[in-house]
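Here's a solo chain for you in structure tokens, the form predicted alone.
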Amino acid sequence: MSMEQKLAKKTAIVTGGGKGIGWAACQTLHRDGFQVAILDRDEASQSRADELGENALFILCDVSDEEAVSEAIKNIEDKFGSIDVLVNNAGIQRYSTVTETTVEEWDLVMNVNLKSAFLCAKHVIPYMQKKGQGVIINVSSVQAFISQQNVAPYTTAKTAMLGLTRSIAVDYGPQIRCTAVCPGTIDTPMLRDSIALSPDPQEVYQECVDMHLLKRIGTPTDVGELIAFLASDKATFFTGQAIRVDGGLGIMVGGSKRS
């Protein structure tokens, strides 16, 4: 591919792109004509890049490690000629209250869920500035607004991502747009693993269904389509916003129905 051909196509980076929401984002962005770079710690994600085809690249990368992030982003720019979209999706879930959380577990969740987004943005933004435009999409959570029990590190990190989103939008606009996507309960491997920890996984799954006004759990594609929209020229007046894709989770308060 010539440099002219490289520059004619847009490039998107998706962290944690090997499964769940990240993989759905890779698929929708690639469908919409993006060259896609997948950053993931799981070597099996190479098969995802192979599935997408020649306009896809997999890089094994710990996105909480600055040196690894810097090197990966440089390699992506060298291969594709530009970086136009960054999707900060990498994340993990841990279950504990503040008093139960060890310092090691707190640091782990913060590093993967929050520090990685900071590092990727830090090293991507100069490439976007060189081109004069770019889009950063941070995958936060509905738990940036409402919280369940026993997820202190997770909900803290996801809430902090909204502040990071606003800061990027304020500091680097108008050239760079930055938004946050806040999913509700989505049927991902992370959700299935979490439910499996329960004595009655089917009961927990049904509770997840019932807490959404739309009476279903979201699919990764529900979120991937929103990400693709925000990355597109159809969303050029969106920046600094946190957009919930949550099936109405947390909208209705409890209480008896009025007759």
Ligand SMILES: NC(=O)c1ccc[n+]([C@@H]2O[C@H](COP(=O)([O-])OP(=O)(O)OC[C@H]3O[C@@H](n4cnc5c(N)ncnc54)[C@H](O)[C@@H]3O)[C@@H](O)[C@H]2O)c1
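Residue numbers here begin at 1 and follow the sequence given. Since the structure is predicted, the reported quantities are computational estimates derived from the model, not experimental observations.
Missing here is the form predicted together with the ligand; even so, the following discussion is about that form.
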item	value
The ligand in the model of the complex reached by all of A12, V36 and G81, non-hydrogen atom within 4.5 Å	no
Contact label in the model of the complex: L52 to the ligand, heavy atom within 4.5 Å	no
The ligand contact at R41 in the model of the complex, heavy atom, 4.5 Å	yes
Partner proximity in the model of the complex: T188 to the ligand, non-hydrogen atom cutoff 4.5 Å	yes
Close approach of K19 to the ligand in the model of the complex, 4.5 Å, heavy atom	yes
Listed residue that, although the ligand is not shown, lies within 4.5 Å of it in the model of the complex (heavy atoms), from L230, C61, I195, M211	C61
I73, V139, V109, V135 - the one with a heavy atom within 4.5 Å of the ligand in the model of the complex	V139
Candidate stretches 97-105, 125-133, 152-160, 171-179 - the one whose heavy atoms come within 4.5 Å of the ligand in the model of the complex	152-160
Stretch 162-183 - residues with a heavy atom within 4.5 Å of the ligand in the model of the complex	P183
